[in-house]
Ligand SMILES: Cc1cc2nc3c(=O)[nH]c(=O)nc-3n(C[C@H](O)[C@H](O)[C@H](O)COP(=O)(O)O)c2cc1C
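In structure tokens, the next block holds one chain alone, the form predicted on its own.
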């Protein structure tokens, strides 16, 4: 049976979670040979599929490819090629999906990168991976050796693991022999990125989806999901679930089914963090009635973001956990602008005081005022994501603030992952 004949798994078809990376021969047996397509044909097929970026930006993939291709044509008239960057940094601590793809299914990602390079006229693909992700680097090294006949060259680069270093302008800056910190835009990478070239930056899951669309077509892709949100997505589910890991699920799947796919909850829930640490807390009573769909998630002010979902059990303290996260985000500031460097630290200190029950009356109002002052004023999106997280914390855990002020909290730690302490790449595939 070919991958085009089944519903789920798609991206994770043929995967042995505890085994070695899928070999090229196994990959071809599972998905078939990689078709070589004219660039405009591929871009149009991706557009018909309705694929959007899976790295958190949610931007239409075909529009991004077309923009780079157009800029590339102009540049080639003056001399010089375009470039493709696979952004496998995955610096979101709550996510493990891209690490999984790179370490277990490298050929699917490289297929998409090779196709994208052909579509935009790039002679080279650069794959950026966190420098401490040795398993992913080894898998990619072996895959590149096996793909010597690819029409483009592939360069592997290990990068730093700071939270902001995965932002696309930070990746470009690092590859251009700079520091992995976000830079001011414009120009955007599609106009002038790697070595001044028009550059397509996509995360591994997005390119893996491109590889499947090229093989099986836009109609096949749309057999899953909804009209507005077609296809499937990889979601890293952690926290108070019995089988945390990376799951492939169709868009439109109820959140309750996502939790069931992860073995069900290990205790009653009080909230879900949707979208990772740039995401939003949602009260469990509201979250379980939602679907994995943009319109549903917008009704509670959130998005899927990096594809991370954290279930917070009732035995944990949401305020203490959130204080740990905002302290981490403040420490991860690029240090390039005042709202981020000083503003986030002040917010983190105040949230910590609220969690410890030592804050003065009116501290919540002060934090929310700072949140409004910080939003939209940073040099990059880091402060925006951080204050969105804080605003949802003070909304969902408002009762905890009063309880802590009246007598503290003895709840156990839920141990939300920070820095390199990420969830293991346990894998399963949702099935319809």
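Treat the numbers as computed from the prediction; the structure is a model and nothing was measured. Numbering follows the first chain given and starts at 1.
Omitted from view is the form predicted together with the ligand, to which the following refers.
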- [ ] Have a look at 209, 202, 82, 236 for me and say which one sits with a heavy atom within 4.5 Å of the ligand in the predicted complex.
- [x] 202
TODO: Identify which of 216, 190, 251, 163 has a heavy atom within 4.5 Å of the ligand in the predicted complex; exactly one of them does.
DONE: 163
Open item on the list: in the predicted complex, is there a heavy atom of the ligand that lies within 4.5 Å of any heavy atom of residue 265, even though the partner is absent here?
Closed with: no
Task: Any non-hydrogen atom of residue 168 within 4.5 angstroms of the ligand in the predicted complex - done: yes
- [ ] With heavy atoms only and a cut-off of 4.5 Å, decide whether residue 27 touches the ligand in the predicted complex.
- [x] no
Open item on the list: So in the predicted complex, is the ligand close enough to residue 31 to count as touching (4.5 Å, heavy atoms)?
Closed with: no
Open item on the list: Partner absent here, but in the predicted complex, which of 374-382, 389-397, 39-47, 359-367 has residues with a heavy atom within 4.5 Å of the ligand?
Closed with: 374-382
Task: Stretch 41-62: residues contacting the ligand in the predicted complex, 4.5 Å heavy atom cut-off - done: 53, 54, 55, 56
